[in-house]
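Next up: just one chain, as structure tokens, the form predicted alone.
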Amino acid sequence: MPLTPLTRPLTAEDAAHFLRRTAFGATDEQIRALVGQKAQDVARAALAFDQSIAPGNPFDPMQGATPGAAIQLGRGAWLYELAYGPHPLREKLALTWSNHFVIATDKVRNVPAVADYLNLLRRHAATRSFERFTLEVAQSPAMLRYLDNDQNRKGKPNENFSRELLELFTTGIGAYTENDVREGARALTGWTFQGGRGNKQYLEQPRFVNQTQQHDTGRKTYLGQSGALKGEDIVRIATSQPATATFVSRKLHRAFLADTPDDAAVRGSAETWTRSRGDVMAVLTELLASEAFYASRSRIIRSPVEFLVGGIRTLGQPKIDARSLLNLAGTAGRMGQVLLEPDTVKGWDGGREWINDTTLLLRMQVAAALTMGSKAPNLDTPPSLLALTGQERPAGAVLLSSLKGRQRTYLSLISPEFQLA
């Protein structure tokens, strides 16, 4: 059954909930603007983003004097877009896809390749074709380098990308055999890239190349289909599997509904996925306007980046200098989330893994810097408890309301209500 749509007009708490989940957080004015609207209209408007970016980004990775410096500037640039960009849902989805189609900058040490990969995630953030999205990722120099398909040649197949295409990007474990991995690798032979290799060429633009002389043209059998299969066929077959609909729908539910999704709700989204042939826009439009979405409160532990960006956006996007933003990107890493460098190829586990004694202390320090520090923004008109906690009368409302703006905002930022979306 498809997900049941929410039919009531949005309340103030509904509006706050929507923006906490889809925009990292929002001001009271932004929350009020959604009150009384229809859930379907709000979801469609949020998903109607283009590729425009925030003006005045102070970070240019192409100015990095070394590969490492350039990658650091790239992280700063993305954090700036997450915090100040005009399309927070696009960036939230790009962050989600970066934890699905994982690459890591410690291996992909090429600035244009990483920039192209991130722009690919933005362009397909709410893609109409998951097959097309997956194909473009598979042919991106960043992914070719990260999972070694650039080394995949006729007679010497490299199975890394073929394996992760199934295990992590499409069907998930249990829906394929080792023979499918081997045959998929044969079909993907010849896909590589030219340019941008080595530390000295880290600013050079690489480009996808199909070296047909390195392609295994023989007959292959992959997930039950046989023929002289090529890389495009492998992506088409893998993305069209019923298991892919469920596996990727569950990822979307983890991003927007709960760290531990409800199986029945996931099945509803998987049905929509199958019916629409992998139209992620259709899945998200239904998901973000559903009763299940609005009933799921405080079920996602914010990641370090979501915590930082949520604080900045809830405070009204105060101007933070470039050095401090770079420091915040580094702090996110110390809290367990280095942008564009998940811990392993399967991505960040998320959920309770974000929280331990060390990371909680770091979150308190960030909250203090944003509210009480020497560079803290003006809080003459602090955010309401609704904006900070998603609730008009949270558990500690009486105590919090008796405090001054900075103290109240600090305590709200470190409260469970703020850290759970």
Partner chain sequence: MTNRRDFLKLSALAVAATSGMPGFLARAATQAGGTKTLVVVQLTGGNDGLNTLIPYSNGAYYAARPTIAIPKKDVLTVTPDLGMHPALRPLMKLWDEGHLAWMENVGYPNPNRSHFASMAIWHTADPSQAQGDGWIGRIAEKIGDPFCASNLGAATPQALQASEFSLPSIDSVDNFQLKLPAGMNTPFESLLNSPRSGEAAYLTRATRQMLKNTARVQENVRKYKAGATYPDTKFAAQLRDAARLIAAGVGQRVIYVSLGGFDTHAGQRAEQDGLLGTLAGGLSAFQADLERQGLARDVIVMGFSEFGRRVAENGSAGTDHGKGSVMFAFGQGVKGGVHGSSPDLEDLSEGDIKYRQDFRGVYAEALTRWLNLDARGILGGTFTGPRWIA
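Positions refer to the first chain, counted from 1. Here the structure is a predicted model, which is why all the values come from computation and not from measurement.
Keep in mind the form predicted in complex with the partner chain is missing from the figure; the text below concerns it.
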- Task: Answer for Ser52 alone: is it within 4.5 Å of the partner chain in the predicted bound form, judged on heavy atom distances?
- Result: no
- Query: Would Lys156 show up as a contact with the partner chain in the predicted bound form if we use heavy atoms at 4.5 Å?
  - Reply: yes
- Message: Against the partner chain in the predicted bound form, would Val345 count as a contact residue? Criterion: heavy atoms within 4.5 Å.
- Response: yes
- Within a 4.5 Å heavy atom cut-off, is Gln407 in contact with the partner chain in the predicted bound form? yes
- The stretch from 168 to 176, 227 to 235, 111 to 119, 89 to 97 that lies within 4.5 Å of the partner chain in the predicted bound form, judged by heavy atoms, is 168 to 176
- Message: To verify the annotation, which of these, Asp41, Glu392, Asp60, Glu353, has a non-hydrogen atom within 4.5 Å of the partner chain in the predicted bound form?
- Response: Glu353
- Query: Given that the partner chain is left out here, which of Thr274, Gln151, Gln201, Ser129 has a heavy atom within 4.5 Å of it in the predicted bound form?
  - Reply: Gln151
- Item | Non-hydrogen atom within 4.5 angstroms of the partner chain in the predicted bound form for each of Leu360, Met372 and Ser415 | yes
- Message: For the stretch 286 to 303, I need every residue with any heavy atom inside 4.5 Å of the partner chain in the predicted bound form, listed N to C.
- Response: Ser298, Ile301
